[in-house]
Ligand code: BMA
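Take a look at this single chain in structure tokens; it is the form predicted alone.
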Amino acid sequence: MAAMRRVGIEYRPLGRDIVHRWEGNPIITVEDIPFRCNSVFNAAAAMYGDEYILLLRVEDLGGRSVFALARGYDGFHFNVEPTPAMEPSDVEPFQTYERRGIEDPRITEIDGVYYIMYTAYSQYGPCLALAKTPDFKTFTRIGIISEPENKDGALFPKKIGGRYARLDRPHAGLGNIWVSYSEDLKMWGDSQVVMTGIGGRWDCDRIGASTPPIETPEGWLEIYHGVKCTSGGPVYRLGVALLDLEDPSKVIKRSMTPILSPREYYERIGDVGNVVFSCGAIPSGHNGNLMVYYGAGDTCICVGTTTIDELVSRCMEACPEG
């Protein structure tokens, strides 16, 4: 009989990963998208009232990414709206920097406004961009908020020291996580490195923020992705770290092992194989459960469950030098 681990008042199998895959994965595939497209992957996630909201990265037939909106009420089953919620802009200055698509959104709610940080992609490289919505019906762009090369932007859910804060990954080739600050969400600076990959380990070649940081008494809980290049190509896994609540450039502790690795066929085989990549997680209920949404193989959307306490407990070691 398989060992079991407790999650709130429920029990689930003790698997090989800290994040337990839902047995019904994948939850969204290209067959669930009402308009023609190549693939769907990397979903931002949020609660809006009693609705679970996913903002999906969908690659259209021309090869550009757009965002589609999916709604559900149990966190596992979703209906995708018939037309894209956001497409590359035809209005400047966004048009120039979104010409090749909009990618990998993350949703953060601050004071009733849902901010969407995403990657604007053009012939000039990837930049961070920011939009907002009050209701997931209308979307307003705020600005292009970084220079290239920058990706994996995730906005903190509250101001730190009176300023907005974000995690990002400047210079995609190096692939380190940084924190930056802003007074107005448009002009960003005072950037500091947060953490790097650790030589020889599962995240040695590149890391980046995945979900927006989650506030806990122990620190900001950040689920991040790490890449290790192998002879068969890169492998993308998820890890977790705790950042200081007052100074998130300081890593308190960090898991030395992944919390989710590509193992299932839908994670190993796809447009890009051996990928699990999260852009959003939603606390579920009052018992600390956490639903982690992730793209698998750059081809579909999946969900896994864990608890915040369990992730915090994985951060057992002080961060070593990279």
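Residues carry their position along the shown sequence, with the first being 1. None of these values were measured; they are calculated from a predicted model.
The form predicted in complex with beta-D-mannopyranose is left out here; the points below concern that form.
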Q: Please determine, with the chain shown alone, which of 48-56, 30-38, 257-265, 271-279 has non-hydrogen atoms within 4.5 Å of beta-D-mannopyranose in the model of the complex.
A: 271-279
Q. Taking 104, 236 and 298 as a possible spot, do all three reach beta-D-mannopyranose in the model of the complex with a heavy atom inside 4.5 Å?
A. yes
(Q) Residue by residue through 244-259, which ones have a non-hydrogen atom no more than 4.5 angstroms from beta-D-mannopyranose in the model of the complex? (A) none
